[in-house]
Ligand SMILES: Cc1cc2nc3c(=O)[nH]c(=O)nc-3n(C[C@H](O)[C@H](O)[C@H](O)COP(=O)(O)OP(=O)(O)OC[C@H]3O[C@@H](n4cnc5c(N)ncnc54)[C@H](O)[C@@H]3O)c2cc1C
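First, one chain by itself in structure tokens, the form predicted on its own.
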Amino acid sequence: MSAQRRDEGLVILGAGLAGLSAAYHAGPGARIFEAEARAGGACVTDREGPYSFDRAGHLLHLRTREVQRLIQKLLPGRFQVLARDARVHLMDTEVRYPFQANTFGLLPEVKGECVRRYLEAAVSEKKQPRNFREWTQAAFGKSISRFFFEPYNHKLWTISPSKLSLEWMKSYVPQPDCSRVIRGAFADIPEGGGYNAKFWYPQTGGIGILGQALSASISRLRLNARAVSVAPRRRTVDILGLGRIAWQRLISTLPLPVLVAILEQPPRRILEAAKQLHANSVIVVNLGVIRSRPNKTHWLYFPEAEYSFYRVGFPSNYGRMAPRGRSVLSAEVAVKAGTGWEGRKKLAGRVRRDLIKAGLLEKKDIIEKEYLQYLPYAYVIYDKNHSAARKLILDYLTSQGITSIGRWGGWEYSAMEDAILAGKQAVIRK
């Protein structure tokens, strides 16, 4: 993953992983502007007293040798490779993830129903699914869908699974074969499955060290530099406090609706398309607890509506995020976009109560630090309007000399590795 060359005339907006990767591979000629006071985007780690808190769960699931080599070059010896230990908390027990292959541990009548419905779906006449709910029912049966996929994805995306399209899934939903589903109902099988069966994570420092390492290699990075206007015809961008900057090529990692909002005189069809792009927000309630190990897993999924969070992570189980005898818990709560977090204190109180109800905290536990984070853009929502609106906007931007990349610039469900690769690909001249 070499490439550093001098790319004069290239301006990059946003110093998350995609923007940093683009600047790194473009070489010293590229200029990159970030609105925040530090680089990294969502790939940052906040230090609060003796505790380190990532901005939600950020783990590296690496498929390509080129990104593996880049990580090893930037941070030699700092990352470890771990086999995922994730569970689904359901009916007051924990079963291995992915749920569809691991119903062992549930009540006999429940797992029996899951297997029976799965087999019925496997031999039934296949119809073209129109949405994610229909797909999960056809792929795994109505019971597995009802117990896990439907409630969990409703919590995560904040809309009904019947309104989700199938575009986002790619390799993100494991599809075990029939024998694995049956075996997983009658035995506890620790073998992993899915795209995140293994992950890379720093031994110390949190995931934020990756953004720090990338930004340290970039010479023309400006922080506290928010783009307020982009003029494609003039090939300029106005940066708050810095004035007008000329560009020959512009790479943006800003959320797509944000970029459209600051374009000078975009066509009405582009403005209307931007209104069709939807996302949710996430509030992360991080707790620093004086207890060594509240749970042995890496993270837990919570599909049931009685719990406020959709996932609880235990970063201390895969990185040094707290002193000895202490640990970090991170509970993630999805909310509708625009909800804000004015009610965060009330939410944090409910999260604490739910953690106690789930058996992850005890009333006697001493919570030494409570630290909340708000991600205004968390997950792109793949509804019926997503594909057409996204394509229309991206095609228009390309025609104007603008390349929009990354999870939010590309308006897609993607991983950290995808962002790094997108940054590199954006600066490769064809």
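Sequential numbering from 1, following the sequence displayed. Computed from a predicted structure; not experimentally measured.
In what follows, reference is made to the form predicted together with the named molecule, a form of this protein that is not presented.
- Taking a 4.5 Å heavy atom cutoff to the named molecule in the predicted bound form, the contact residue among 312, 351, 254, 88 is 254.
- Using a 4.5 Å cutoff between non-hydrogen atoms, residue 17 counts as a contact of the named molecule in the predicted bound form.
- Although the partner is absent from this view, residue 36 contacts the named molecule in the predicted bound form, with a non-hydrogen atom inside 4.5 angstroms.
- The named molecule in the predicted bound form is not approached by residue 25, whose heavy atoms all lie more than 4.5 angstroms from it.
- Put simply, residue 56 is close to the named molecule in the predicted bound form: some heavy atom of it is within 4.5 Å.
- Comparing 46 to 54, 374 to 382, 392 to 400, 359 to 367 against the named molecule in the predicted bound form, the single stretch with non-hydrogen atoms within 4.5 angstroms of it is 374 to 382.
- Along 203 to 238, a non-hydrogen atom within 4.5 Å of the named molecule in the predicted bound form is carried by 225, 226, 227, in order along the sequence.
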